[in-house]
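Okay, so here's just one chain, in structure tokens, the form predicted on its own.
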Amino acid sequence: MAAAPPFTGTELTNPPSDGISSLRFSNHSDNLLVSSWDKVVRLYDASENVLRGEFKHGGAVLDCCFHDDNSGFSASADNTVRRLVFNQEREDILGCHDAPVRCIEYSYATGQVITGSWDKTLKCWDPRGASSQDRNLVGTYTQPERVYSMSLVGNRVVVATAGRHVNVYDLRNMSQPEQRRESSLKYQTRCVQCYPNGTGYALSSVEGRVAMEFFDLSESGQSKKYAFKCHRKSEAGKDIVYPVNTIAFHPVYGTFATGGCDGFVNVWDGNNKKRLYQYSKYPTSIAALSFSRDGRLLAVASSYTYEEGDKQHEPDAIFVRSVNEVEVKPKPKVYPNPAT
């Protein structure tokens, strides 16, 4: 196979054969976990470009996450939540929802797995529980609508649902949301991602826009929030607007990348409200993004997300690119010289 041009990064061999739903770098290595609509979770060594393992499911896999470097968890359209043990190539069912499971996260703060489903619930699981599914389940929390996206930071979990609802929970007290919010964007939520510093979250919509939100409800805290347009183009006097499918924060600098159905990845400095970089266009929609633990690598899922229905499209592919500091490091503010 011909090497990918350097501007897109290295294309991983043995890619998924259907839409890529999620990809995540490990917190301990350059291992990359990828879930797909082809009913398989794949484990790659991204820096070596080697497929390390595959786990087949009973339905499309809509999300996945690491536990540690040897194991992870998956969320499937067959309603199951699974634990995957990579080095033993085995899996077991942690539990089930009543509808497809859309989101999954592992909380290092509480040692729990949190899942969000189209059955309009959030569930917390203890993966250390006995093999009985009943013993694994810690709690079930009703949501206002189907869960579309979810993100963790510290003891907080932010849940975005259909109907533009956003619930913020403290994992130490899940009896009710700490905050019940509505998205400040007018259109359906695609992705929510917490700031690494724990002060708030970014939320993207199907209508080429990202909102920067803050947990602090004081007037001064809320005065910092704003939204901006992105992943758009003008053609023949018309504004063409694309969904923003994914947001990934850089672990060192706190800047963030967005991926859209326009095939572009943009890098933003949220504090200074500036775009830092735009990568060359990818073959099709950007379905998912993830920075490695040290921010040196960016994994890009170029995978058609069916926003224009079933049509001929480029094959699903994962590109791993080396990140140059100039692409992600905030630029210092330049102040005019005082008049002498």
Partner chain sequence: MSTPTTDPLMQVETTCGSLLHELQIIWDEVGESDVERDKMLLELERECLEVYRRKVDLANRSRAQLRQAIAECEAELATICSSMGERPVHIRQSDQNSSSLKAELRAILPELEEMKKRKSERRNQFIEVLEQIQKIQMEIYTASYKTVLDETDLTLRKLEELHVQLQALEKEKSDRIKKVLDHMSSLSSLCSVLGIDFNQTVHEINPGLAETEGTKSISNDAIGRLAAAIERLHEVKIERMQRLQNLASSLLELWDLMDTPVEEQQIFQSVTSNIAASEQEITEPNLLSIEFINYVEAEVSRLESLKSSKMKELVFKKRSELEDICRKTHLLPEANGSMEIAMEAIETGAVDPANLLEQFEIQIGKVKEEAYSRKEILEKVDKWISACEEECWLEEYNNDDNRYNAGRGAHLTLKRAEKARALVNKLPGMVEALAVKTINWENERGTDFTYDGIRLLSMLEEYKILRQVKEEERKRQRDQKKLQGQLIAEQEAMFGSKPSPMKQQSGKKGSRMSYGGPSNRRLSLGGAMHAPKTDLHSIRATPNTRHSKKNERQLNNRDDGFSGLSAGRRGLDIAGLPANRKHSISEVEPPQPQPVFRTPFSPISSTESSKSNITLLEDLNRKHEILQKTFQNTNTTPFATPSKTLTSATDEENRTPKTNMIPVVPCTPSTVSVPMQTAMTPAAALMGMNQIKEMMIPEEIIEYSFEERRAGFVLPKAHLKMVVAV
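Numbering follows the first chain given and starts at 1. Everything numeric in this text was worked out from a predicted model, so none of it was measured.
Although it is not shown, the form predicted in complex with the partner chain is what the next lines describe.
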Run the contact test on L32, R52 and G111 with a 4.5 Å heavy atom cut-off to the partner chain in the model of the complex and return yes or no.
no
So in the model of the complex, is the partner chain close enough to E325 to count as touching (4.5 Å, heavy atoms)?
no
Applying a 4.5 Å heavy atom distance criterion, does P144 contact the partner chain in the model of the complex?
yes
Classify N167 as contacting or not contacting the partner chain in the model of the complex by the rule of any non-hydrogen atom within 4.5 angstroms, answering yes or no.
no
Does the partner chain come within 4.5 Å of any heavy atom of G19 in the model of the complex?
yes
Which pick from P100, G270, G263, P127 sits with a heavy atom within 4.5 Å of the partner chain in the model of the complex?
P100
From the list G221, G198, G139, G163, which entry has a heavy atom within 4.5 Å of the partner chain in the model of the complex?
G163
If contact means any heavy atom within 4.5 Å, which of 150 to 158, 82 to 90, 100 to 108, 168 to 176 contacts the partner chain in the model of the complex?
100 to 108
In the model of the complex, which residues of 292 to 321 put a heavy atom within 4.5 Å of the partner chain?
T305, Y306, E307, E308, G309, D310
